[in-house]
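Okay, here we've got a single chain as structure tokens, the form predicted alone, with questions on binding and movement later.
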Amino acid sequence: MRYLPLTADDRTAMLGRIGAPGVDDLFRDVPAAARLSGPVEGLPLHMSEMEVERALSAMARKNLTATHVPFFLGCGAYKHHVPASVDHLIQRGEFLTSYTPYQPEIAQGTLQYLFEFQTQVARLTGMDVANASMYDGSTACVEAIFMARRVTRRAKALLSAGLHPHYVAVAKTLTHFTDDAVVASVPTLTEGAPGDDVAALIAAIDDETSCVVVQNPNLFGHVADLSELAARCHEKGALLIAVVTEAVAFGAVRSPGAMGADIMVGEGQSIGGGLSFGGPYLGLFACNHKHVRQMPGRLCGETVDAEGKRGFVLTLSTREQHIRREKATSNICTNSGLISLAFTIHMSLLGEKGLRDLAALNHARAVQVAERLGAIPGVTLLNGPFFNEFTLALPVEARPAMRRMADAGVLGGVALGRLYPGETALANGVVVAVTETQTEDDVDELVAAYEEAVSC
């Protein structure tokens, strides 16, 4: 039975109150070309459950998945091995069905693992405090820009050319509704430091700058020292926001906090999370202690109860549901609880030494693959220092080359022409990610596929 609480008279009264002639007028901001004028062509109006399963399975078989072919894609989402124990533990009923921990007397388990998650993120990033997670890396990045405006009372954000273009797009979309001005530029494939623009960012900081947003390692894999940039930001009264999209890099690259970052945001999918065709993922957010009251999301804290026993509470939650709207730091309504638990369990299984070993293995394998690909005639390795991801310049346009490789059963990298359509200077570039999951046979197939693709 359908639940329809409104009568026709109710709807008429509501539309009359807001001055809309009809329901269709509520969608007038949507371009007419984007609205459905009738049923979707080729989509049946109804099917049985078994027919739907069969149809969706047929669609799924068309995907070329990371588990079935040599896979070297990255650019913000990475294929790492997740121990089976992680999925087993997060699917226990106590975790899978737990609700928002508003009542600490019945939510100690949830509060404790969130506290442990925050502790892990703070230690990994070198920051004073971390929140209980955000939705994903891109929205965490925008929340950091909003936070910088609140802290500095300025509204201009400088975005590095090496920041993932999807993060840039999300920032532009959400700042469209605020007073923030986002300044971004197109990257250049400088040999030795692709996408690096630290010097240009330093020169661009002025008295109106609220923050500088830099991804490290950047989209192209380049690893930079942000210490000088941080110092220049602070001289001008601006904040440095460091973005990390490959969490395993924390095991090898100097932490954002150690380089002077004021806020660290990033994507935690690499630890405990699968690719899952894009989500759900895990936003990381950490900052210095002096800015903690401007931090969005939830913060779990440790305390003692009336009997002196250790316990956990929801210490800070400055969102609209809890305080006055004009005092709220964000309208984010929750955190990625289950995915943050997976992160925490995976990190606990690895430990500090395990993470460092995993990061060292990723880097060593990436160096080996980069050397082999860079030795192919016509292929140029553009990177100087990198972690597990690097950029190649091909003698041919990258998108068709990657398509030919995919048709041959090898996912060999992300063509920059896909991320930056219309930018001809980037059309021959491709980013390759290497992790612990690829075998020697995978690498051999990758090299052979590149040799074939660039010869066409």
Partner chain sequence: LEEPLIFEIGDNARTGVDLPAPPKVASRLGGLEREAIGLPGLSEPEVVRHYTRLSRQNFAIDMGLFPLGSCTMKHNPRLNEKMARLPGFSDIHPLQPVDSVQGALELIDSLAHWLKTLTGMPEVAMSPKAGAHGELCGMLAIRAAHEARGEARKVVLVPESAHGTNPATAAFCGYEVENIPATPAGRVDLSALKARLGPDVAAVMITNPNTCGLFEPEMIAISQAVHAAGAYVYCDGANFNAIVGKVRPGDLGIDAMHINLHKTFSTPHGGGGPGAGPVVFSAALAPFAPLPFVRHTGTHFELVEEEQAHGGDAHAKSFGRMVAFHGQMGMFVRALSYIMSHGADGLRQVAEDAVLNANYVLRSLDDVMTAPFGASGPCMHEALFDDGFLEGTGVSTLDIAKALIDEGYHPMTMYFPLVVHGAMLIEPTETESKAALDQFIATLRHLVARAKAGEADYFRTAPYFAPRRRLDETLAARKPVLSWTPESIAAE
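As the structure is a prediction and not an experimental result, all values here were calculated from the model. Basically, rigid core = biggest C-alpha set you can superpose within 1.5 Å across the two forms. Positions refer to the first chain, counted from 1.
The same protein also has a form predicted in complex with the partner chain, omitted here; what follows describes it.
- Only one of 236 to 244, 151 to 159, 80 to 88, 200 to 208 lies within 4.5 Å of the partner chain in the predicted bound form by heavy atoms, and it is 80 to 88.
- Looking at D196, you'd find every heavy atom of it more than 4.5 angstroms from the partner chain in the predicted bound form.
- For the chain shown alone, V443 is not a contact residue for the partner chain in the predicted bound form, no non-hydrogen atom being within 4.5 angstroms.
- Although the partner is absent here, V183 is not a contact residue: none of its heavy atoms lies within 4.5 angstroms of the partner chain in the predicted bound form.
- Taking the partner from the other structure, the partner chain in the predicted bound form has a heavy atom within 4.5 Å of a heavy atom of Q108.
- For the stretch 11 to 46, the set of residues having any non-hydrogen atom within 4.5 angstroms of the partner chain in the predicted bound form comprises R11, A13, M14, L15, R17, I18, V23, D24, D25, L26, F27, R28, D29, V30, P31, A33, A34, R35, L36, S37, G38, P39, V40, E41, G42, L43, P44, L45, H46, in sequence order.
- Relative to the superposed rigid core, A448 undergoes a CA displacement smaller than 2 Å between this form and the one not shown.
- A movement of the C-alpha atom of T12 reaching 2 angstroms or beyond is seen between this form and the one not shown when the two forms are aligned on their rigid core.
- Relative to the superposed rigid core, the position of the CA of T424 differs between this form and the one not shown by less than 2 Å.
- In summary, the C-alpha positions of V30 and P165 diverge in the predicted bound form, ending up at least 3 angstroms farther from each other than in this conformation.
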